[in-house]
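Take a look at this single chain in structure tokens; it is the form predicted alone.
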């Protein structure tokens, strides 16, 4: 793990995340994996748009049971669990934050998904897999913490099968204005590596991947933030929500992110890129 990855890992670390989530879940005897998946949705989907954004991205990947999927920057494994339960995929997740990986594997076992999902600590810049291992790959709100996009996409292209598809859903820079910190992915500019959609396209092309679908999700994000504000004004936060992951500065992080989107400086952008033969 390099120095930047160490700082990023520390940024996301909680300290007692597994115990906190398990306490909030309580006794789960008799609950189905689908029911538990829904209960975890509020904390599982650490990206703008939540579970709905994950489902929309998955729908574009043309998934089917048995396909092998790599989730880069898997966090708690929320995307992995959704793909395994909703689409029958076999999912491998990697993340640099050990506490997230450990907690995610505990949750997978609780849902009976340990045979379908494997989460492990690893760097996206040094993927520990053989060439052409996966049919699909996903990366949701990860690239903002990785400065070398070319190296990142070269690694992903290497482990994808020919004509395999990568789904990227990252916050990208659209304007030249300043961005206030902290934001959910970084305390300051030292570990925030925003790039433009053109920058992503160029790095993907250099890695032998072609963007076949691109969608600016700014309007969806604005609607999402409006609903978040409404919920926050009406009630106390739920036991399992993103505030658990973001800590005491959760409100400020979300407010700065929303302000950047509203100002047109940043926006979540979704891309599907296919590996060339």
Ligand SMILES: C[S@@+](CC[C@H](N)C(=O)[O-])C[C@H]1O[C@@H](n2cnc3c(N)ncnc32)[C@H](O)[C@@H]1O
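Numbering follows the first chain given and starts at 1. Predicted model, so just to flag it, every value in this text is computed and none were measured.
Although it is not shown, the form predicted together with this ligand is what the next lines describe.
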Next on the checklist: Based on heavy atom distances of 4.5 Å or less, which listed stretch (214 to 222, 40 to 48, 232 to 240, 27 to 35) is in contact with this ligand in the predicted complex?
Outcome noted: 40 to 48
Checklist entry - Only one of 83, 204, 160, 140 has a non-hydrogen atom within 4.5 angstroms of this ligand in the predicted complex; which is it? => result 140
Item to check | The unique member of 156, 146, 174, 165 whose heavy atoms fall within 4.5 Å of this ligand in the predicted complex | outcome: 146
Checklist entry - Is residue 271 one of the residues lying within 4.5 Å of this ligand in the predicted complex, judged by heavy atom distances? => result no
Checklist entry - residue 105 near this ligand in the predicted complex, any heavy atom under 4.5 Å? => result no
Item to check | Interface membership of residue 194, this ligand in the predicted complex, 4.5 Å heavy atom rule | outcome: no
Checklist entry - Taking heavy atoms only, is residue 114 within 4.5 angstroms of this ligand in the predicted complex? => result no
Checklist entry - Taking this ligand in the predicted complex, which residues of 110 to 126 have any heavy atom within 4.5 Å of it? => result 122, 123, 124
